[in-house]
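This document starts with two versions of one protein chain, written out as structure tokens and named structure 1 and structure 2.
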Structure 1
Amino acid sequence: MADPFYVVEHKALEAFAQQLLEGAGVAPHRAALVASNLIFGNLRGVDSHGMQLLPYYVEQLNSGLIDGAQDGAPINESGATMLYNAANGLGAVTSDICCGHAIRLAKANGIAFVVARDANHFGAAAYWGRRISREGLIGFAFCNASPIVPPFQAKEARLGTNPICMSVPGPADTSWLLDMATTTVAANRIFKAYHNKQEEIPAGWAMDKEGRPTTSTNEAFNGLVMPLGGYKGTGLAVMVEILCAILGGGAMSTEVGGLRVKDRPMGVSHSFLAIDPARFTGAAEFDTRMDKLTNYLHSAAPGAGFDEVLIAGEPESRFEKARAENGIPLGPGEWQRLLDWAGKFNIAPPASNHNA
């Protein structure tokens, strides 16, 4: 991080997040869930899905775009499936309930699929994958998102970064956990390169405003995010759009709102898939086989320029360990926005170390 930043102990920061949400009128049990979800993002180094989101949530709670008192309700439970109306509740609140249903239905049926519409930002998808995998099930989480990505061969945005997350049962700090946007990189990597005055970005990240691939940071900043690998990334984003918005009946494509959109609720859809390994090779055998696969992957000789081979989730687990010990760094603008809300709500902020 090039800018000066502030470091806050993670538990103190989580308590602060909860207080701010309570300041915005959210009941303590709901505020605690959202705070836990945000700190999870920061702990794992995914700062775009951490405390940085909180001021947006507070603004949307204040303006009524998010209904902080809503839990939502099932529309239809049928077999191993459920359609859920999130009713503009906080994303973490309705997702927690939906994951609970997915877990219950998967334990009863071996697999379950829950789709929620009219939902809000649920933070890092990995939080929900792990929410399910902690119960001994394979957990998937998907959501559609604000339209900032053009489909392959286009120069107008139609899709979100539509992430795919999959988490397997096992120890939280070593288990394979995939959480990926279906673009080559998250849009904020491009913003960061721009703000750091870095002239070039790697090939494959972005397109200029005419849809031509570019490595110019300036053109990319004024241009478009690139779908992962062209038509495949678009295909995966549409897959997620179908599993969320099409099945759920919620806003799709350009209908979706966003954190910075003020004329309508975000209206994203979430979906949660849970699979019980006990119905296949068995839970213990599943763990043994996951270890074996992880060993196969770790045993591959590193390529030129690398000294180790990591599995999905391993970089984030390292962040989690380090930040649990050393605290969470927050940018100066981000910290100030939190302090501003603390002032308005008359809340004392936690201690922070200022690093230059």
Structure 2
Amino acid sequence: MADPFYVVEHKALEAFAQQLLEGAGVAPHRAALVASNLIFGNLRGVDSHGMQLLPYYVEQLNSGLIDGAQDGAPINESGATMLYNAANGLGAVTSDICCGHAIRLAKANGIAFVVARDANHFGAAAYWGRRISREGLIGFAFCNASPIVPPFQAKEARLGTNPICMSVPGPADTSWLLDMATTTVAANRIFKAYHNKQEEIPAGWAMDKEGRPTTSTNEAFNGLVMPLGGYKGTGLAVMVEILCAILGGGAMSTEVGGLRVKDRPMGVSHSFLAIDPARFTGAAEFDTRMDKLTNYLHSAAPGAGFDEVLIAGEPESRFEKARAENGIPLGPGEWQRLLDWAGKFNIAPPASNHNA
């Protein structure tokens, strides 16, 4: 029997998310942006970066670990670069501002690199890569994260899941959009399984406290996230740490807090890179060549057990279409946590269909 879940229409769920954020004291325009960012994750099937994060955001807003009234401000701007002080504001709010600066600088210079420090969780990196690529630019987004990942051959955490995103301009449902953690899976997939009382997770996702591979959700929740491809994942995670924390002068490694850390702000750093393809072969030629590459990839014969070859972003685009039509499923644990906060703020939850 399938695990029970609750299905909520996505626009109603987004409005509910905004209400909960406003209940935590966030101004409507900021709350709307954060809600949009979270629903984007759920729509695209990346539930680890969707509504299951909202209770953590609200908890940190209520405790003062996130300053929901902050927009931050530039520290310096030089040529095509900017260093930005996020001032402990909501991650989606300061990331939106930084992407705006990256777009502006890239259109003026052909390329731009913006680094923000003293920031908070920014949801799915793909949201920000696509924010840039919708302006006709190649968009990159990076972020260092809470230290829950051991370096290769270690059993103590020193790195985050440190995601890498690249988004290419073009139609939203067919453009190449890579969003990947430098771990086998995003840590929030493990946390989601834990909160929904799922007893086991797939092999290769996590290790226990001693660095031994485990499929126990409880051991994984209290253990370590597995680096992607061993030393290769560690190398990529360190690369992101350099492009974010080292370059921006922010917290690094074990200095970083987290959504589940109660004694200090998160303090992560974000980086956004924008490249104007028109400055190279020209925008039209770039689009033509991207189509050609995509066709090459799609034309490869599927391997055993597969019906087709997909490019990065296509599975998520299919989820987005289906969930926009059929609603967003939420596990019982995450739905109850949202209902608990709704009760505290005296907010009526949206209608849901319960699939038992």
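What we label the rigid core is the largest C-alpha set whose atoms superpose within 1.5 Å from one form to the other. Sequence positions of structure 1, starting at 1, serve as the residue numbers. This structure is a prediction, so every number in the text was calculated from the model and none was measured.
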- Message: These are two forms of one chain. I'd like to know which is the form predicted alone.
- Response: 2
- Task: Indicate whether S133 shows a C-alpha shift of 2 Å or more between structures 1 and 2, with the rigid core used for the fit.
- Result: no
- Cα displacement of L259 between structures 1 and 2 reaching 2 Å, rigid core superposed: no
- Query: Core-aligned, does G211 move its Cα 2 Å or more between structures 1 and 2?
  - Reply: yes
- Let me know the CA shift of K192 between structures 1 and 2 in Å, rounded to one decimal, core fitted. 7.0
